[in-house]
Structures are given as structure tokens and as C-alpha cells.
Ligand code: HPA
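To begin, one chain is listed below as C-alpha cells, in the form predicted on its own.
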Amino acid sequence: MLAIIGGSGLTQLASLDLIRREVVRTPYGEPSGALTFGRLCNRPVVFLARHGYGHTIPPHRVNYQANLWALHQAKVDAIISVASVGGIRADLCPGTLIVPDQIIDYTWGRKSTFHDSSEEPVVHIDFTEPYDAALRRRILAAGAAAGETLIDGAVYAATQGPRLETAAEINRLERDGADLVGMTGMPEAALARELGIPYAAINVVANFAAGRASSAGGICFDSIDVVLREAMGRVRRVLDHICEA
């Protein structure tokens, strides 16, 4: 069963044939909301709104451990994350859909592992390639089938939030090799890897990052809403084709 975690702009799947909603308890507390089980193009899917169904949970307060554990308990075999980002690279303009292939983690203070007890042996995971290669290919193929352009590969910088970055911070991220900036990619990807669940992402560029292009003098939040409404419709078409394949 495929799991979809929806971020800003994707708090529900309109095309999901709803079967049930299930409130889940985990050893790590409560997830962002109930798991929504249904069928998408006749395939079983479970959906979770990362920020809650009322979009009330800021990035630094998302219970990533509980969210991933709840999906693990539901026995999902793959997770697709959908998240909005800021575009650092000049060609990644608002509305662009991207399937990232690398992460740089700048977050702090988040519970980022399931192996945090002094009573257990130390556990390391290989995180050389943070996104599952086969799942990335599946997303890219679905994009092609849907007639939607998806950029193959980019470096995602995960920042703490909830504030957006300064122009100087974006310059630093670019020097570090980042192409995109978001607030929820970590520790979500690492926790999925610890649980052995294939994980990949579809990132939607909502705006140019601070100090870049149309955001040179500041970020216009009204235009972000317009961009996300249109772009998330294209993301839904890609998700439909993933489930049709």
C-alpha cells in the first residue's frame, strides 16, 4: 500500500475514494492527524496531512516520529512526500515540480531517530542516497505518462523554520550546493530509512527563495497561494498515474 504525506497546499486528495479514517496511537505520541485510507485509481492508498488537516502544525513541531511510525504500523510499502519549497537555482521557478535526489540537513532539536536509547546498541543507517532510487523512477515515469514535466534531481536544503530564510542564508545554502529550500524533508526521510520504507519526494516550487528573482525585495505570500493551487492539481495527476501503473 502506498502512503502519501501531503504538505502545504495538499491537505487532502480530492480523487481519493474514501474507505475509512483511523486515529492511530504510537509509542512516540500522536501523528499529525488521522490516517485516511482509500483507493486512488483502484489502488489502496493511505494519506496523511503533515501539518494537520487544518494546517495548524508548524514544521518544527511536526511529530515526524509518530507520523512515520503510524505509516509503518499500517504496513505501507512506499511513501511519497509532497512538499512546497523555495527555488534557489535560477531555473527552478514558481510552479516547477521536482523529484530531489539529495538532502542537506540544517534542522536542529528535532527527534530524528527511533534509536535514541542508551539501553540499545547504537544503530547507523546508510544515507548516501537519501531517496529511494526505484521510487524516484516510478514518480518520474508517472510524470511522463501524465504529460507533466518533473525535474529529475536537485539538492534539498532542510531548514528549521517556521520563518523563511534571509537572503544571506540563501546565499550560504547555494554555496553549500543546495538547489531548493524547505522545512520538512528532515528528519522524515531518515526516519523512513530507519524503518526500511522506500521514500521519495515531489517538491513544488512555491516561490523563489529570499533575495532571488521576484523575491529579491521580499516574498509575496498571496502569489504563493495562487501557485500552489495550480501546481498541486498537476501533482494530483502525477499521483493518479503512479496508482494507475
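All residue numbers refer to positions in the sequence shown, first residue = 1. The structure presented is a predicted model; accordingly, all values stated were derived computationally and were not measured.
The discussion below concerns the form predicted in complex with hypoxanthine (HPA), not included here.
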| property | result |
| --- | --- |
| Location of hypoxanthine (HPA) contact in the model of the complex, chosen stretch of 124-132, 72-80, 137-145, 157-165 [non-hydrogen atom, 4.5 Å] | 157-165 |
| Ala206: touches hypoxanthine (HPA) in the model of the complex, heavy atom cutoff 4.5 angstroms | yes |
| Contact label in the model of the complex: Ser84 to hypoxanthine (HPA), heavy atom within 4.5 Å | yes |
| 4.5 Å heavy atom contact, Gly182 to hypoxanthine (HPA) in the model of the complex | yes |
| Ile219, heavy atom within 4.5 angstroms of hypoxanthine (HPA) in the model of the complex | yes |
